[in-house]
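One chain comes next, on its own, written out as structure tokens in the form predicted on its own.
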Amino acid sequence: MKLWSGRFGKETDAAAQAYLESTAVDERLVAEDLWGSQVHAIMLARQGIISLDDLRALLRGLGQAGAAYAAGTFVLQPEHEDVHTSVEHFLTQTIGPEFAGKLHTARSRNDQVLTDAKLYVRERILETEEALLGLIHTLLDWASAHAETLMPGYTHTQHAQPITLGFWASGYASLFTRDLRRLRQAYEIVNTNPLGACALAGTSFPLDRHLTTELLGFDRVHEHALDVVGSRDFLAETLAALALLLTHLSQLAAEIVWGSTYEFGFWELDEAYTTGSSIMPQKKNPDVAELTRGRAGRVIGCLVQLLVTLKGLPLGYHRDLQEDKPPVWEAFDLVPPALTVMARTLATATVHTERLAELADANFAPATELANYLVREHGLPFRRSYEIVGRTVRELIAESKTLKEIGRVRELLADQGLAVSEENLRQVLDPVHCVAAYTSLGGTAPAEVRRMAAALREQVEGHAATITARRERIAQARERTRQIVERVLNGEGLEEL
């Protein structure tokens, strides 16, 4: 019997039944559905809507369902359509319809599925944050170890100015801390209690939605019943955070791929995070990083899929919303593993510091600091200084020379009316000096890199503390529910509630 079969005198067509069912997607929500049902039953009894005898039977049956699911003997069946119907069917078979049928009092599958989804999604957000913390710590380890390691900085994928590898790594760490904040904010939007909204209008039963909020570890009640049942923006918000996170991870992956090429030679990736070619025996391919770039597209697609599903729906529940969870599940299956494997790829890479230093001093990279020097020491307007250095670079290129030809640089500057000693030029054009000179707030000077890395570590430690506190809150809510269940099954009442 379907939960909704009273109105119908005809069986659902087999093809329609297969089209409608969502048990494969709902498989992830069994534990959440059982916890939410325990709490709902406790609240019903506390409010006098069902009796203590009803509650004991329901809690006993829900406990048996959890044990059977863990043992593999309770399996969701497609003919039961969804996880909620499967659980109620199990209860009907074990404790009888006179008890099982009371569990759905003052509850709709509309608010029930939202409760299950929010309990599941908040756990996966915390898991993703923890994986992201691991990547950020790896980047900050690089920042600390390589605060003075020269490397070329790029704009337009062209040599720009000398920087340090620590500056580069801490830049990505800074970027990813914003992703942490977005996930943290998504959690706040997710962690509101929809239970009690029922189908769309609330109910005439005297519910205590604050009690279910407390026992499920939610932060607050999502009050407006009509808004509740159609609300999927918490999933869109979560997917948006995940899509942007994978976009940023794809950017990092792209740099790891480029840096590992023979032409760049910045670093060599460990064999544990590379693969070979089936035909070219010398190859070592950065497939982990490349696949990360590819999977970013899938996560972005998940966000688009959900937004397209939502864009034309009026307030309230619609069966279209059954399509909300698959893209979210897919994104969560992709993101934490990508973060973990990319962190390990970085942690095990061998940095070629000599090659980085060589390129930091190549292709006129110190030219900007020469222009700055002329402004400081000769009082030139920056635009005039820029023009002089540009002409100098053009002449050197025409002569197949570089800024390392200090004598020729001095002559070219003298031709433009500027007397600069070779000693001063040698210092100004030294990339070590260039990097050390960029002491402005947020600059690439080693001391500033170390300061920023320390500040970023402090930020992520704060995030880690928030994650721990949220996990403890959830654990406390689970434990309190367990204790209430145990007391009720031992013959005690609900007076302490």
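When you see a residue number, it is the position in the sequence shown, counting from 1. Since the structure is predicted, the reported quantities are computational estimates derived from the model, not experimental observations.
Heads up, the form predicted together with a small molecule isn't pictured, but that's what we're talking about next.
- For the residues K102, H146, H89, R109, the 4.5 Å heavy atom test against the small molecule in the model of the complex is passed only by R109.
- Though the small molecule is absent from this view, in the model of the complex it lies within 4.5 Å of a heavy atom of just one residue from L321, L133, L403, L211, which is L321.
- Only one of 331 to 339, 415 to 423, 287 to 295, 311 to 319 places residue heavy atoms within 4.5 angstroms of the small molecule in the model of the complex, namely 311 to 319.
- Among heavy atoms of E129, none comes within 4.5 Å of the small molecule in the model of the complex.
- The closest heavy atom approach of R410 to the small molecule in the model of the complex falls outside 4.5 Å.
- Although the partner is absent from this view, R124 stays clear of the small molecule in the model of the complex, with no non-hydrogen atom inside 4.5 angstroms.
- Although the partner is absent here, S22 lies within 4.5 Å of the small molecule in the model of the complex, judged by heavy atoms.
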